[in-house]
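Listed next as structure tokens is one chain, alone, in the form predicted alone.
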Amino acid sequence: MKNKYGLPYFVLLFSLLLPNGFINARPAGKKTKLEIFQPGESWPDQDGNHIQAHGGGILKINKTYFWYGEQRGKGLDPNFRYVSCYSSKDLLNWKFRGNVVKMLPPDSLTSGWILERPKVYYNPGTKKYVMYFHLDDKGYKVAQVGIAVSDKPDGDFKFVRRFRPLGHESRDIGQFIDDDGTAYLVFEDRPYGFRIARLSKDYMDVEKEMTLVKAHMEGGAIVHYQGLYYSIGSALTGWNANPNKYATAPTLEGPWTEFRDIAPPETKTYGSQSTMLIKVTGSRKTTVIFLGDIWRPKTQYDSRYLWMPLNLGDGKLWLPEPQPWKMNIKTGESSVVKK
């Protein structure tokens, strides 16, 4: 994606004068309780503030989901980059746990630097929470990943280092944790395609490349469903939405099929870009949810989310037209809410 931090001066000045750092604030003491998902609409957390977790990733610890993402609320210090953290039991109602990263440019990076697409893994051996993110300069020439570590899912993550995974360029990243618990990083390596690589035992390095998918795509997302791996990605069109596509393979090593549209191409994925696929395995059904970002570059704080259950199976994947829906997190069943 293009540099998303270059706000016009008058917008920045106006936002700094606002008393609240987030939009849609509710009066103190009143909690928001949501019943249905509304793709593309403003999504309030439990305090009534629009969720700021863009380009994010979801981590499940026991029965709690943690959502990490780019914090783009109003009133932030432009010298810092922030990663937010939210928690939920049902993937719908989220509690803001704070900004777990507040970071100045590391090493030789200068103003306009990039921190995007944070993804967090929990390592059961070290009992550490390990965050990966795309780290870059404003010209997107550095093309590295950064690592930060915490002892708690909502603790302060401390920056450790930055590098190119396996020596390759890395821009947009995605995360994938297989059913056996093995952790992988997905990263865009221009001009070759995107790579899927296994993390080291302590998650502090990228250990082994599984495959290079020779498609010029970013926003990589993977899920393992009924014996097949499904991979989704978007074309390299900066802020502008495009038709996201998918491919399948029997193993992460491949062979991968040709990429096909996940939605009618004229919809440009309903204005969204893929960031992750979540598999919810309940007592009755397993549902896979498409997580997409609807970017609003001129009002980044108001960028939205498109979450929608996928039609999936037998090597076919389809993103239905977004509409209100609900989910039973215990049974794994989801259904559209008729207007």
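Throughout, we count residues from 1 along the sequence that is shown. All values reported here derive from a predicted model rather than from experimental measurement.
Below: the form predicted together with a small molecule, not depicted.
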Select from the listed residues F163, Y121, Y140, F96 the one whose heavy atoms reach within 4.5 Å of the small molecule in the predicted complex.
Y140
The small molecule in the predicted complex has a heavy atom of only one listed residue within 4.5 Å, and of G181, G125, P78, G238 that residue is G238
Which of these stretches, 194-202, 85-93, 150-158, 110-118, has heavy atoms within 4.5 Å of the small molecule in the predicted complex?
110-118
Could you confirm whether D189 comes within 4.5 Å of the small molecule in the predicted complex, counting heavy atoms only?
no
Is there a heavy atom of Q52 no more than 4.5 Å from a heavy atom of the small molecule in the predicted complex?
no
Is S272 close enough to touch the small molecule in the predicted complex, meaning at least one heavy atom pair within 4.5 Å?
no
